[in-house]
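A single chain comes next, written as structure tokens; it is the form predicted on its own.
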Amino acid sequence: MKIAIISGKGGTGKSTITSALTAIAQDVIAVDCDVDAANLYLIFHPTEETTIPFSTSSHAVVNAEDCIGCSTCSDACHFGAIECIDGLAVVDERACEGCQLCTRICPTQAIHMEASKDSYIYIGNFRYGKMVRARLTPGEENSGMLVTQLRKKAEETAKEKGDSLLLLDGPPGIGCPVIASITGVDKVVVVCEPSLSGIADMKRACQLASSQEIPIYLIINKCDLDQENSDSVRAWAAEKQYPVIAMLPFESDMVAAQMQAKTIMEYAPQSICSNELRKAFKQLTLS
């Protein structure tokens, strides 16, 4: 079974809830699909047994021995990524868009393209099974593609290990990385906070999951901070027939657990939130 946890916006407690569900599951493949800012590993401290480079783009590289300093490439570059300095073409990797025009027009074929290899997928062990995560180099594109490759590696790992449960901690928002995170999963859990922006983004996340005909479950986090908005979410969910599987109050134990790099299940196993999340996990896995 593949269960994705998403939120529509950042800061709702999605990763905290994912970590708690992971602790309840005990033996699981945990997948952090937030490749721009992965943080699930901060709680679990997984090993890095396998490191896989991921190329998101390519940039021009000049062979100094073949370059004649003719300025053909710098004159033609639409992005201002090449400059001739002291008779040698010099590439600004940050400005290069990888269009390959310079490689085609260089009279001495002194320029070639090299793939960027600063983004990585990591696979390792942690106390509840295997974790698969990734790091996208700041400023790089194709985060949706990286999430797709991340999920592929996670599913291969699950097949090798013989596990049936994958928990995917999705990125915030409703863009390509989120779509890549939820495509083909069995269930989606949308975590919502009872604020106007939280509710608006929750509805957009539900709309995205609904467009893929994925069963949707809701968890309202910090529900007691605005009871009126929490009641509004429950009423809307009932109308849409989306089960609200947990109502989590604001608990200082949640913050304290994170400060000690623990899940709420480990730090305060008999807290209200822990008991609510146990019931939520049972409903998710048995329904």
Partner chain sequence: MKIAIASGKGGTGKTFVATNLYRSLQKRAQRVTLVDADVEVPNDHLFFDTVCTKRNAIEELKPTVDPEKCTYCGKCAEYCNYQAIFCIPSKGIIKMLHEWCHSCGACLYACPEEAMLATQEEIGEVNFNQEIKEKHLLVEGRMRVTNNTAIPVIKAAIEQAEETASDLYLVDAPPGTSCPFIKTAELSDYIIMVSEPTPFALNDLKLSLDTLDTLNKPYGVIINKADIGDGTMRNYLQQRGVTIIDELPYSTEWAHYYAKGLIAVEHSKEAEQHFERCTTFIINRNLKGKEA
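Take the two forms, superpose them, and find the largest set of C-alpha atoms that agree within 1.5 Å; that set is the rigid core. Given the structure is predicted, the values throughout are model-derived calculations rather than measurements. Numbering follows the first chain given and starts at 1.
Omitted from view is the form predicted in complex with the partner chain, to which the following refers.
Asks: Is N39 a contact residue for the partner chain in the model of the complex, using a 4.5 Å heavy atom cut-off?
Replies: Although the partner chain is absent here, N39 would touch it in the model of the complex, with heavy atoms inside 4.5 Å.
Asks: Closest heavy atom of D118 to the partner chain in the model of the complex, within 4.5 Å or not?
Replies: Outside the cut-off, so no.
Asks: Applying a 4.5 Å heavy atom distance criterion, does A235 contact the partner chain in the model of the complex?
Replies: Outside the cut-off, so no.
Asks: According to a 4.5 angstroms non-hydrogen atom cut-off, is L88 in contact with the partner chain in the model of the complex?
Replies: Taking the distances in the model of the complex, the answer for L88 is no, it never comes within 4.5 Å of the partner chain.
Asks: Looking at A81, L208, A110, I123, which is the one with a non-hydrogen atom within 4.5 Å of the partner chain in the model of the complex?
Replies: Selected residue: L208.
Asks: Using heavy atoms only and a 4.5 Å cut-off, decide whether all three of G129, K161 and N275 touch the partner chain in the model of the complex.
Replies: No: none of G129, K161 and N275 comes within 4.5 Å of the partner chain in the model of the complex.
Asks: Partner absent here, but in the model of the complex, which of 45-53, 30-38, 241-249, 60-68 has residues with a heavy atom within 4.5 Å of the partner chain?
Replies: Contact criterion met by 30-38 only.
Asks: After the core is overlaid between the shown form and the other one, has the C-alpha of A200 moved by 2 angstroms or more?
Replies: No, its C-alpha moves less than 2 Å.
Asks: Rigid core fitted, is the C-alpha displacement of S71 between the shown form and the other one 2 Å or more?
Replies: For S71, whose C-alpha is compared between the shown form and the other one after core superposition, the shift is 2 Å or more.
Asks: Once both forms sit on the same rigid core, is the C-alpha displacement of A81 at or above 2 Å between the shown form and the other one?
Replies: A81: C-alpha displaced by 2 Å or more between the shown form and the other one.
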